[in-house]
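Before any questions on binding or motion, here is one chain by itself as structure tokens, the form predicted on its own.
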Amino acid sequence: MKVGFFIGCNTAFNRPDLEQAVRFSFPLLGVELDDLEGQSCCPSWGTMPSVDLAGWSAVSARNLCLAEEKDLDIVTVCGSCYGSLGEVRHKLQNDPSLKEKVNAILKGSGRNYRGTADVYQSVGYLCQNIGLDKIKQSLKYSLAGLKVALQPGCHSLWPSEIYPDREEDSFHPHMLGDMCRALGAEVVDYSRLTDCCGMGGMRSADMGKSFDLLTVKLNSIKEEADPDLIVTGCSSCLIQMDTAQLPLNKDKKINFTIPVLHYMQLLALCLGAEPQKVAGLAKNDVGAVINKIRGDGNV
């Protein structure tokens, strides 16, 4: 089994430890990664999609071409990349005039978009193509004894009709929870599960409103669930929920910290990865969580 790994700008530049987690985990589960040499920005929301539909679609289609030229699908750990690439694919499947404009642009680079590559989010890809049983059988460590709260991420849930690995009900997602339970975690509920974390265009345009949105979500998580850890399915959510807790505490909007990791980082740790390589850039201390995962009696 082989798939194209679309790394995404945020992961490559801000959380290369997450990239390493993917590179460690996928081969151990029998999935070979292709680097899709020449990949560019997806481009994400709040940039080209807002001002140039054909240009945005052409850049995304070029990335999709890199996979379809090798007869591969794409997997990414970023909800924004997942949403942007997936939505362009959907538009090009349903808008022949847009596809014609895009291929006219791509002709200059010697490419032609056909539409054969699907786009998957890493959690959905592993859940559908590897399965919970094989993941359980591959673990060296488990999350037994850890309570985790989930952050699936907006772009991983909507618009659901465009995704090949979509949830049965986006308002009541279960895939990330099922995958965490396969690692041995206790998944705890809170009422604002599907609320946005405030990342993306909002954080770029108005940091205050972005942090206000996150404050409401973090307080809901703490008061209703009090978890040991927040688990995200999206690299942008990871960056927002991990980095923003420091200024929110400084401004006295919250008075607690909760460690945050992407699911792929937890999976890599449970498969035996070196913690510093796959979780070494966390802003909030994840040492207690890692010690609990790798401690005596948890193997």
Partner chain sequence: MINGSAEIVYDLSAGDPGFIAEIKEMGGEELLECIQCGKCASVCPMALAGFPIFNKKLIQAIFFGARDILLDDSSIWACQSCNRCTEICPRDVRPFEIILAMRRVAVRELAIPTLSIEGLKSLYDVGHAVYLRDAGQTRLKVGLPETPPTVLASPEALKEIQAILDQTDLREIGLFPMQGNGMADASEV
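These numbers come from a predicted model, not from an experiment. Positions refer to the first chain, counted from 1.
What follows is about the form predicted together with its partner chain, which we do not show.
Asker: Each of 139, 177 and 273 near its partner chain in the predicted bound form, meaning some heavy atom within 4.5 Å?
Answerer: Heavy-atom distance to its partner chain in the predicted bound form: none of the three under 4.5 Å.
Asker: Using a 4.5 Å heavy atom cut-off, which of 164 to 172, 114 to 122, 223 to 231, 178 to 186 contacts its partner chain in the predicted bound form?
Answerer: Result of the contact check: 164 to 172.
Asker: How about residue 67: is it within 4.5 Å of its partner chain in the predicted bound form, going by heavy atoms?
Answerer: Answer no; every heavy atom of residue 67 is more than 4.5 Å from its partner chain in the predicted bound form.
Asker: At the 4.5 Å heavy atom threshold, is residue 41 in contact with its partner chain in the predicted bound form?
Answerer: Although its partner chain is absent here, residue 41 would touch it in the predicted bound form, with heavy atoms inside 4.5 Å.
Asker: Is there a heavy atom of residue 99 no more than 4.5 Å from a heavy atom of its partner chain in the predicted bound form?
Answerer: No, residue 99 sits far enough from its partner chain in the predicted bound form that none of its heavy atoms falls within 4.5 Å.
Asker: Verify the contact flag for residue 255: yes if a non-hydrogen atom of it lies within 4.5 Å of a non-hydrogen atom of its partner chain in the predicted bound form, no if not.
Answerer: Residue 255: no contact with its partner chain in the predicted bound form.
Asker: Can you tell me which bits of 205 to 238 touch its partner chain in the predicted bound form, meaning any heavy atom within 4.5 Å?
Answerer: 205, 206, 209, 213 sit within 4.5 Å of the partner.
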